[in-house]
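This document starts with one chain, in the form predicted alone, laid out as structure tokens.
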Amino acid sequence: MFTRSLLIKLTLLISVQFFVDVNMHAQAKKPAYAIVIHGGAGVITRQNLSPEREKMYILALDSAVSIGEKILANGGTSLEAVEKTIRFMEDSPLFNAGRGAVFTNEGKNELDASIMMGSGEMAGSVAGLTNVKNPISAAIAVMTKTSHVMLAGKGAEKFCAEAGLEIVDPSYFYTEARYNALQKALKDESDNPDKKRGTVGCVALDQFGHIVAGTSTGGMTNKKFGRVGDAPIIGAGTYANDASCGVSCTGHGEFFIRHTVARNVAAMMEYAGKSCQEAASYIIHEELKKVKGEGGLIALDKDGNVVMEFNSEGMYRAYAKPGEKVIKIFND
């Protein structure tokens, strides 16, 4: 016959063993690192993307995510991985960021970017740049070299020059395809689905357990009056916290600002106990759809779980973990 005390001891031992087993299983599943990227969401279907151009995007996404993965696999930080990955995408004319930025109504290229570290919740952003080659590096400089979070316009450009960032002639950002898109938009002022979406972003989790999220964009084709979207707004287009997740958004910025999309993903995890996937899915497919907000987001939680949610027809996206890489474009 078991005594009451022996039964209690056995119950405690079983409970402890169960906790250890579950904890060890969770630790075994957590990857050493993870990285996820996006290159914008919108009307992206096989009908409007030629096979040749599809191959170009797949190659670019592969190259971008591989840059960040290599850094992380070699023990680099998530901040370095995010910066280098986004810089590659900014240098590609395929994406609406940096070199491939769209044109404003005035025929200019205005660039926005933001960065946030999950460790200490440090952040930096820039808006309305016209001559800084890599806006993501400018956002990092604001975060690391000033006591501010956001700088805009001529003041931001002056700071970037003094900080030693690469300054280019505005003509550097000219691409024929983007200029032609502006001319088309000027002829037809009706709502153009392509003008609302176009951003690049990256979220990385390094071997030290730190999450960093970054976003960069050329904004909206034919935008007026110095319009700024969600990409440089911390909590709207970008957010990171080591205790929950990192998020980078892409889509119709006004809706992402009003609904503080990036922060709300983390808030649902923190306050409602939702998983990163559950939170992102609800916000993108329920909350935003109610108000006809279109776009998507990428996210990583503290355990390296990848989220790539969107309610548009497609989103350029990819992720990598040890021994695993996925690249996708269409909604299938």
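Predicted model only: the values in this text are computed from it and were never measured. One rule holds for the numbers: they count along the sequence shown, beginning at 1.
Not pictured, yet referred to below: the form predicted together with a further copy of the same chain.
Asks: Please determine whether each residue of Ile284, Glu286 and Phe330 possesses a non-hydrogen atom within 4.5 angstroms of a further copy of the same chain in the predicted bound form.
Replies: No.
Asks: Just one of 73 to 81, 169 to 177, 230 to 238, 130 to 138 has heavy atoms within 4.5 Å of a further copy of the same chain in the predicted bound form; which?
Replies: Answer to the contact question: 230 to 238.
Asks: Ala181, Leu165, Leu94, Ala123: which sits within 4.5 Å of a further copy of the same chain in the predicted bound form by any heavy atom?
Replies: That would be Ala123.
Asks: Quick one: is Glu254 in contact with a further copy of the same chain in the predicted bound form, heavy atoms, 4.5 Å cut-off?
Replies: Answer yes; at least one heavy atom of Glu254 falls within 4.5 Å of a further copy of the same chain in the predicted bound form.
Asks: Is there a heavy atom of Gly155 no more than 4.5 Å from a heavy atom of a further copy of the same chain in the predicted bound form?
Replies: It does: once a further copy of the same chain is placed as it appears in the predicted bound form, Gly155 has a heavy atom within 4.5 Å of it.
Asks: Even though the partner isn't displayed, in the predicted bound form is Ala267 close enough to a further copy of the same chain, meaning a heavy atom within 4.5 Å?
Replies: Answer yes; at least one heavy atom of Ala267 falls within 4.5 Å of a further copy of the same chain in the predicted bound form.
Asks: Determine whether any heavy atom of Leu59 comes within 4.5 Å of a heavy atom of a further copy of the same chain in the predicted bound form, and answer yes or no.
Replies: Looking in the predicted bound form, residue contacts with a further copy of the same chain do not include Leu59, since no heavy atom lies within 4.5 Å.
Asks: Are there residues in 248 to 284 with a heavy atom within 4.5 Å of a further copy of the same chain in the predicted bound form, and which are they, in order?
Replies: Glu254, Ile257, Arg258, His259, Thr260, Arg263, Asn264, Ala267, Met268, Tyr271, Ala272 sit within 4.5 Å of the partner.
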